[in-house]
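Shown here is one chain on its own, the form predicted on its own, set out as structure tokens.
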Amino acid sequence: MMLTVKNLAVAYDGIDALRGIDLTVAAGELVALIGPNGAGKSTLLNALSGVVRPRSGSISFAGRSLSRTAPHRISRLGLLQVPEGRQILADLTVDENLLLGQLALGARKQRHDLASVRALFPILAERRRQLAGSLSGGQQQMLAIGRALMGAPDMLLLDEPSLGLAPMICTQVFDALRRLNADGLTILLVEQNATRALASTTRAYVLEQGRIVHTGASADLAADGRIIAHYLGTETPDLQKERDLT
């Protein structure tokens, strides 16, 4: 397994945010983590990337324990996160933001350069000299993903990539993620839009109140009446079409 999480617990001010999380992601998988607001999804990603310290449990990445490993060292091992809210540097240009992503390389070999990121997201080539803060929300999301790719991730953690995006832009972002996964990139995707997440992945975990309450093949969860009732709601026609194409 590329990522193995065992009995992970995280608490804030004595309040449990994660309780007994067991999760695995194999090399080459595209896995979703879904659940309602406040379930602990972002906390889990932040624990994986070292931003939040677990109270107990273990995290192993590529056979190496991440216990007490600093976030910048975790990124240089090849585990990179695209955070919620993008967190691009607004006063730098698009290219400057992308080049900063190379800081995560350490001694590892670069896999994505400016040309390949621009090929994946052509708008970033058009706007390469533009200040990142002047981009639209969707363009900023593409920039945040591109910046992470410049750090040569073996595994990419994405936190709510569709948040605040127009449906057409959201589809472009998810299409890019599927292409990256088809090229071998391992991805763990946190997404509140459960329908889109399940339509785009092969396996999923459902997190609720800090615990994993369901897990299985994404298609099976999408057809499960309990999941539909609690997390999916009504599927829109564009997502139904997208599911049919995957």
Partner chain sequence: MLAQQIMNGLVAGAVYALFALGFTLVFGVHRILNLAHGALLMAGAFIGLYAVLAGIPLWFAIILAMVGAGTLSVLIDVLAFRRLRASGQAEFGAIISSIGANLVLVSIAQRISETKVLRFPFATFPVVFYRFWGLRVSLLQLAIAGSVAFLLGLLSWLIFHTSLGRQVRAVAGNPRAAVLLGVNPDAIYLRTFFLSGAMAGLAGVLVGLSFNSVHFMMGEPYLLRAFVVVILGGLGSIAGAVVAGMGLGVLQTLATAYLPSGLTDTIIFSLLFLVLMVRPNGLFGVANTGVGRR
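Positions refer to the first chain, counted from 1. Note that the structure is predicted; figures quoted are calculated from it, not measured.
The protein also exists as the form predicted in complex with its partner chain; that form is not presented, and the subsequent description refers to it.
Novice: Could you tell me if all three of Arg178, Leu185 and Thr202 have a heavy atom no more than 4.5 Å from its partner chain in the model of the complex?
Specialist: The answer is no: none of the three residues contacts the partner (heavy atom, 4.5 Å cut-off).
Novice: Given a 4.5 Å cut-off on heavy atoms, tell me which of 109-117, 134-142, 162-170, 77-85 is the interface stretch with its partner chain in the model of the complex.
Specialist: It is 77-85 that comes within 4.5 Å of the partner.
Novice: With heavy atoms only and a cut-off of 4.5 Å, decide whether Asn46 touches its partner chain in the model of the complex.
Specialist: So Asn46 counts as contacting its partner chain.
Novice: Does at least one non-hydrogen atom of Glu126 fall within 4.5 angstroms of its partner chain in the model of the complex?
Specialist: No, Glu126 sits far enough from its partner chain in the model of the complex that none of its heavy atoms falls within 4.5 Å.
Novice: Mark Val51 yes when one of its heavy atoms lies within 4.5 Å of a heavy atom of its partner chain in the model of the complex, and no otherwise.
Specialist: Flag for Val51 set to yes.
Novice: According to a 4.5 angstroms non-hydrogen atom cut-off, is Met155 in contact with its partner chain in the model of the complex?
Specialist: Result no; Met155 lies far from its partner chain in the model of the complex.
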